[in-house]
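Given next, in structure tokens, is a single chain: the form predicted on its own.
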Amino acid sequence: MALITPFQEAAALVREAGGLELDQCYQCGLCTGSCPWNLVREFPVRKLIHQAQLGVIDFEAEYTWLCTTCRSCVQCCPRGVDIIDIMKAMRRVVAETGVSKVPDSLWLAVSNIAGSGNPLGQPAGQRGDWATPPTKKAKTDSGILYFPCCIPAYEPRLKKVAQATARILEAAGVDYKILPEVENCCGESVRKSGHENLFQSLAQKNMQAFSNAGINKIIVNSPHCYDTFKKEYTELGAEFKVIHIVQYLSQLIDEGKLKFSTEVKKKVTYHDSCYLARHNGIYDEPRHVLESIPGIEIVEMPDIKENTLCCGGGGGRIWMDTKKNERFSDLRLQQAKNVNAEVLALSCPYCMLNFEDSLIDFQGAVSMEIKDIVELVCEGIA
């Protein structure tokens, strides 16, 4: 039976923008049941896809901008429909045709990236100020680049993560360089918010800068940078390898290049970020690093590894407002509290921003710390 499509043009726009997966969905509804939004509010993913199939899309609806691209729906789909591509396609229609409005806070972040190379709108010339002292610039001949992501480069709390990463690399004898003068945002939020042309421009500039500097390996803190460089830049012709810092630390520990001298006596639970876990299957390395730090006791929360609970920051949501009673990060903090964790360990800048924000208002968790794994490693090598 042919699909009845009242408004062919709207459906065609979504397909042309990358939403060809629409044709594979047979409306089982498992996507709606798996979506973390439905833990805090209604988000009828199945209904949204069906509306797109029929061409009766309300591009002005809030639903267009809710998806965090956590991949929970894709993981459970019996037909393997890449629902993320459909959501990105609908956003691209909005961004490129002006049929509706991009949320103000997201539009500001995208505009900042277009103007100054980072979503925070900070001066491009200050991108390397986190490096104190700035000894690594572009002076070394190393083909290894440390790319800290825009947030650790500029945001005060996350600068500590970039600084801790640099200290660890130097303690392990890793010769690396940073390129703050020429690098820009990787563009992951740009593409997921529908601004394809800007993403392509950012990617080409970064790839050219990396090539000019002789880069063959990139170390990143952000799972979003990792996924973007590994998959999307590679599709555009990039030839460098990318490794997330937890993978690299695990490797350095196994090779005996990273040794610990100080006990870190803390009960730690680890939060799997969506883009390390579901998107890239990286579960064991962060736990191996934590287990290697003397004194740490690891306790596991519910919803871990491939079933991890999204923090709410993916898909450009980190740059959009979320109501306090609708934050996934609040639910996660409660899970961490329930296992009596003293530290919630992370490996993602977006997760850090969301959990630090939730911790401010979270009752009963005033003694809980939010730390990146590299910060715990730094304590262990001090």
Partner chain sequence: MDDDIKIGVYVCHCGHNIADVIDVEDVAQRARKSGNVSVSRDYVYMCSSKGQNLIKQDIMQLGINRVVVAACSPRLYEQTFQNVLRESGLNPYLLQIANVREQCAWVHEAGLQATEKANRLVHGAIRRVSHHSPVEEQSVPVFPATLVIGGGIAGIQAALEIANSRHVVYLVEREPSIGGHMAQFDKTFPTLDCSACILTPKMNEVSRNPYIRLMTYSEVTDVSGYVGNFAVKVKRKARYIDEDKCVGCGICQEKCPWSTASEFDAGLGMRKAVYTPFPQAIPNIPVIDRERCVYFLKGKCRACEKVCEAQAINFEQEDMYIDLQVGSIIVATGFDVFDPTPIVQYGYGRLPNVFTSLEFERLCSPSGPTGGQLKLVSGRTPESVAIIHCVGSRDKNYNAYCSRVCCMHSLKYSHLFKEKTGGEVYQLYIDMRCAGKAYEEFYERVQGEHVHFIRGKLASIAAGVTDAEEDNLILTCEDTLLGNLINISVDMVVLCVALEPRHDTEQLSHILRLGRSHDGFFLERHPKLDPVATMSEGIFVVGCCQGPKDIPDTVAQASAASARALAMISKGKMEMGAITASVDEVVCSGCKVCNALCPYSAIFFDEISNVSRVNQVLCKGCNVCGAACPSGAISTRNFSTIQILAEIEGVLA
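Just so it is clear, the model here is predicted, and its values are computed rather than measured. Numbering follows the first chain given and starts at 1.
Heads up, the form predicted in complex with the partner chain isn't pictured, but that's what we're talking about next.
Using a 4.5 Å cutoff between non-hydrogen atoms, Pro78 counts as a contact of the partner chain in the model of the complex. Using a 4.5 angstroms threshold between heavy atoms, Asn340 stays clear of the partner chain in the model of the complex. Interface residue remark: Gln334 is not counted as part of the site for the partner chain in the model of the complex, having no heavy atom within 4.5 Å. When the partner chain is considered in the model of the complex, Asn325 lies well away from it, no heavy atom lying within 4.5 Å. Heavy atoms within 4.5 Å of the partner chain in the model of the complex map, among the stretches 313-321, 53-61, 344-352, 30-38, onto 30-38 alone. Within 4.5 Å of the partner chain in the model of the complex, a heavy atom is found for every one of Tyr26, Arg46 and Asn307. Applying a 4.5 Å heavy atom cutoff to the partner chain in the model of the complex picks out no residue from 195-215.
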